[in-house]
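To begin, one chain is listed below as structure tokens, in the form predicted alone.
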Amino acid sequence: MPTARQIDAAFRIARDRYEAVGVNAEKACAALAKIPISLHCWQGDDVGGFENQGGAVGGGLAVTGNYPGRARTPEELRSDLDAALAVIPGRHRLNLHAFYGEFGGRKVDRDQIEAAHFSNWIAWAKSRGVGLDFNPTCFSHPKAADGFTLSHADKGIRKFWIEHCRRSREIGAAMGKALGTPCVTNVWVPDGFKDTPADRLAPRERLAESLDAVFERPLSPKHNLDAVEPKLFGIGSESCTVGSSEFYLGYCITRKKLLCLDAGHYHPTESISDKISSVLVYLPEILLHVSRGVRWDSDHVVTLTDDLLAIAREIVACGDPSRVHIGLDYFDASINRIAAWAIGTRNMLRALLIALLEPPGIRKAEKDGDLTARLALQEEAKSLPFGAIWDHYCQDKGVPVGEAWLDDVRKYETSVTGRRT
């Protein structure tokens, strides 16, 4: 591994190279430090939760693999998150699902959850300077067994899920108030048809009516930001997803909610990068769920692909990264779960740094109508020494440089997760 002196020397050379093309690398690093990534709690326990409902994950979700060391308790999950955050540069957030509450061994159904059930999570986040985001859990429950929740034809079932989502918003607001940073509370429902439906309109009208009931009570945006998430299809809802992209785009624009763009929730030939600027024309803020689909919404660990680079570039190019709330959403039980968090988050940050280091000459060439120069400069930028800037950023933030983080994860596996049975 390089020494601190070698890292500093490489950084100075790279800094000078970027300065020659009009980029201040130190300012880019400072800008990156202001962009939090919301880590998803469900990577640590394979979307199991802690409410002991005893059902399968469901809702179009499937976790594959049986790598040892899955977190079995809230304490183990928080310990694992500490291990992941220790190798990720910067200060970030945690995204919690509602069934990760702590219920003291009692059966508390989802229409009865309260902020008190998340007091330990709030205390943990406060002690570490971590923000929290939240999600109602509208799957893996007897009242979601047929694949419908907020759009269900049964009014009683709709009422149950409306109350669950209402309480989730209240919990999100309590988190935001306690931590001094708004909680993004994101509503995703699995509702859809496995085969061709006879009526698509009625369930969508019911979904809109239910969402209006969920959001009926205003909450301070200082504490809570509401988001809704579309999907193209899921396992068991291949023929029609009630909450489609078009449905939720219309809902967000008319109801002034954040639209969640999930990288796996569109056709495999689509990329959400092009959608970011489109929706920011009409919405002040949006939410991203960054994952990596392989042939379908398979939620693989985020890698430094062209798609990820394009997403990060659009976040930065739109001028104000704070308008885009970035969360990760994948679950891989075939590899070390802490490593999965670290790989995905570090790649998201790496992609953002590359975007922040983009030479301004590229935009100038486009503005001047010199498309030849634009393409040439875009290609030349790919070989600029961003790796040396990234290594310096990691060293500056006190986390391992290069692959050294894997040694820390392996040590934790040997002493902690590897001992779990």
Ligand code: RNT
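Just so we're clear, the structure is a prediction, and the values are computed from it rather than from any experiment. The first residue of the sequence shown is number 1, and the count goes up from there.
One more form of this protein, predicted together with this ligand, exists but is not displayed; see below.
*Asks:* Within 4.5 Å of this ligand in the predicted bound form, counting heavy atoms only, one of 262-270, 344-352, 242-250, 84-92 shows up; tell me which.
*Replies:* So the stretch in question is 262-270.
*Asks:* Is it true that 161, 215 and 257 each have at least one non-hydrogen atom within 4.5 Å of this ligand in the predicted bound form?
*Replies:* Heavy-atom distance to this ligand in the predicted bound form: none of the three under 4.5 Å.
*Asks:* Only one of 206, 325, 231, 292 comes within 4.5 Å of this ligand in the predicted bound form by heavy atoms, so just point that one out.
*Replies:* It is 231.
*Asks:* Under a 4.5 angstroms heavy atom criterion, identify the one residue in 314, 170, 297, 226 near this ligand in the predicted bound form.
*Replies:* Checked against the cut-off, the match is 297.
*Asks:* Just to confirm, residue 188 within 4.5 Å of this ligand in the predicted bound form by heavy atoms?
*Replies:* Output for residue 188 is yes: heavy atoms within 4.5 Å of this ligand.
*Asks:* Does the 4.5 Å heavy atom contact test between residue 393 and this ligand in the predicted bound form come out positive?
*Replies:* It does not: once this ligand is placed as it appears in the predicted bound form, residue 393 has no heavy atom within 4.5 Å of it.
*Asks:* Can you work out whether residue 133 and this ligand are in contact in the predicted bound form, taking contact to mean some heavy atom pair no more than 4.5 Å apart?
*Replies:* No, residue 133 sits far enough from this ligand in the predicted bound form that none of its heavy atoms falls within 4.5 Å.
*Asks:* Is it the case that residue 141, even though its partner is missing from this view, gets within 4.5 Å of this ligand in the predicted bound form, heavy atoms only?
*Replies:* Outside the cut-off, so no.
*Asks:* Using a 4.5 Å cut-off on any heavy atom, which residues of 319-335 would contact this ligand in the predicted bound form?
*Replies:* Going through 319-335 in order - heavy atoms within 4.5 Å of this ligand in the predicted bound form - the hits are 329, 331.
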